[in-house]
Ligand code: SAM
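Take a look at this single chain, the form predicted alone, given in structure tokens.
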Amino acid sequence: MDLYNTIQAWEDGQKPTVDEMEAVLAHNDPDFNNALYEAAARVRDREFGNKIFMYGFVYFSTYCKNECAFCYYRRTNEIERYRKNRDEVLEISAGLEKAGINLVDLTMGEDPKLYADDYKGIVDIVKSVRDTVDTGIMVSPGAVSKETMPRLRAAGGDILAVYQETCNRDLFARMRLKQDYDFRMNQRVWAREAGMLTEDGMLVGIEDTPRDRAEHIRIMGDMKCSQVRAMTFIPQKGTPLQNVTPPVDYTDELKAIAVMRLAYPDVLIPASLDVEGTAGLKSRVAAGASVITSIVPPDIGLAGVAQPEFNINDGHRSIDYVRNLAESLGRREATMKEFWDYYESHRPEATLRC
């Protein structure tokens, strides 16, 4: 297989096969990788021009009932936690809107208090934010019931994000301890049936193989996800994986971003500030990302996920800092009209209702 010809064919519109994606993801020649990134960036620019979407990150509860092997916020980790109340969430969301972000990402752990009374706490927060801001709203609530999806949509949720992390069932069982693979996978099916766009994501560097990543990229397309992501695993203190050797570089993540872009030219692909901070923004944009996510204002007590405090209180994840950095990379922040135009052109018809 001539891999240069393969990525050229993808750029020209040929749909990648799983075998081709595996071969590209497994090949580790720096010159080839650069050619891959350049092809992905050209496809991104063909679809989106030089605009890039900006997402504010509101991690409003760090309580969680789960014991994920990779997660700093796993239930038994003895760490300081917080749960922002409704007024705090509204103040933060309004501030993000005023600063000019396109979307508020309402993220939480699977918090038993907010899951109580048939997920009433989550639905109420989403509705309150929708009544307050005119930005897009992403809901990242963990794995919830099918019946909750139309309620989240009716409350004002535009996009549902639930990350599978891996499509390898054995690896999933070792990473997301005592969780149901199919229940989590169906989150995105049910959300689309409720009329929401959906996001899935893979965690790179948790003993996953190039084949696993290729299969996951295929599944993301089969599920018609409008947003897909890859993030490099960062070992976390207090978890079973805390002594895993940190990544030498982020090549596998960058290649996954590029392959996702070439496989699905018009999807949203985030460059997350939660992994490498603003230092990693240039490489992720160069690999085909069309979104900057995990923008967190300083000094308001919010944490990140992959790295709870990284680049936050020094202001390097504020919207102004990120906007200036994006402009230095030749990107301009998308307007709200451009965001809503994208959303409306991809919004599925609701067949599942309250």
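Keep in mind that what you see is a predicted model, and the values were worked out from it rather than measured. Heads up: residue numbers just count along the shown sequence, starting at 1.
Keep in mind that the form predicted in complex with this ligand is missing from the display, and what follows is about it.
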Find out whether any non-hydrogen atom of Y163 is located within 4.5 angstroms of this ligand in the predicted complex, and reply yes or no.
yes
Can G142 be called a contact residue for this ligand in the predicted complex at 4.5 Å between heavy atoms?
yes
So, F48 and this ligand: in the predicted complex, are they within 4.5 Å at any heavy atom pair?
no
This ligand contact in the predicted complex: T198, any heavy atom under 4.5 Å
no
Just one of T107, T148, S226, N168 has a heavy atom within 4.5 angstroms of this ligand in the predicted complex, so which one?
T107
Just give me the single entry in K127, R184, K282, R83 that has a non-hydrogen atom within 4.5 angstroms of this ligand in the predicted complex.
R184
What I'd like checked is whether L3, I7 and A35 together line this ligand in the predicted complex, meaning each has a non-hydrogen atom within 4.5 Å of it.
no
Testing 63-71, 27-35, 325-333, 40-48 against this ligand in the predicted complex with a 4.5 Å heavy atom criterion leaves exactly one stretch, namely 63-71
In sequence order, the residues of 225-259 that place a heavy atom within 4.5 Å of this ligand in the predicted complex are M231, T232, F233, I234, Q236
